[in-house]
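One chain is shown next in structure tokens, namely the form predicted on its own.
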């Protein structure tokens, strides 16, 4: 696991975007796993800039999103389908047929989840998975005690996650769906690279537990300690609880230039 501490969220997002850009240039038909929420927004803005100003080509890229709320139509303003098209897909040259999100309106949820897993396999697997982290350590919607072997499935959100996400529903917790479809931790761990973003003091505890604490189901993101290529991009505020923050900075500062975006 590599910990990359940047001055602020903008710098961290730009650094992570360079990593995505390098992959897409080296492998034009790369498969990206994408996340929603406020954390990756600056990453997506930088990907859009790289496309518009530097010609980064997404025409052969395929994407799979981590999750979707159950019970929200695609055109609902808070569906993750709407989020992704508004904040990324409509502003790059990705082909609609290459975009995949879980179906929150599926009549047969287990069958839909199994089909989603098969679609990932058919695409060749995920090359790079973008992740955020919840204040309780969840990745995707894999809440505490989720199985490390889990696959795409229905999950019930914790009360904490409902409270955290109420800000997207006019602050009204009653409007937040209590169920979702999410990639499982096993699915996430199958990605060839995991790229986790975390910004702000509110994420400092979860980041420290993920990076320096024991690997345990109560802190789902901690499983990334066992991933062969996991990169954690954080700002100074999210680094405040790390015991070895100076060491992580020293490592990154000493990297050869050619390795900075690797």
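Since the model is a prediction, treat every value here as computed from it, not as a measurement. Residue numbers count along the first chain shown, from 1.
Not pictured, yet referred to below: the form predicted in complex with a small molecule.
Undergrad: Does any part of residue 104 reach within 4.5 Å of the small molecule in the model of the complex? Heavy atoms only, please.
TA: Contact check for residue 104: no, nothing within 4.5 Å of the small molecule in the model of the complex.
Undergrad: With a 4.5 Å heavy atom cut-off, would you call residue 222 a contact of the small molecule in the model of the complex?
TA: Because no heavy atom of residue 222 falls inside 4.5 Å of the small molecule in the model of the complex, the answer is no.
Undergrad: State yes or no: in the model of the complex, is some non-hydrogen atom of residue 126 no more than 4.5 angstroms from a non-hydrogen atom of the small molecule?
TA: Judged by the heavy-atom cut-off of 4.5 Å, residue 126 is well away from the small molecule in the model of the complex.
Undergrad: Would you check, heavy atoms only and a 4.5 Å threshold, whether residue 95 touches the small molecule in the model of the complex?
TA: Contact with the small molecule, no.
Undergrad: Exactly one stretch in 204-212, 30-38, 48-56, 224-232 has heavy atoms within 4.5 Å of the small molecule in the model of the complex; which is it?
TA: The contacting stretch here is 30-38.
Undergrad: Here the chain is shown alone; which of 88, 133, 180, 188 has a heavy atom within 4.5 Å of the small molecule in the model of the complex?
TA: Answer to the contact question: 133.
Undergrad: Give me the residue from 175, 192, 76, 167 that has a heavy atom within 4.5 Å of the small molecule in the model of the complex.
TA: None of the other options qualify; the answer is 167.
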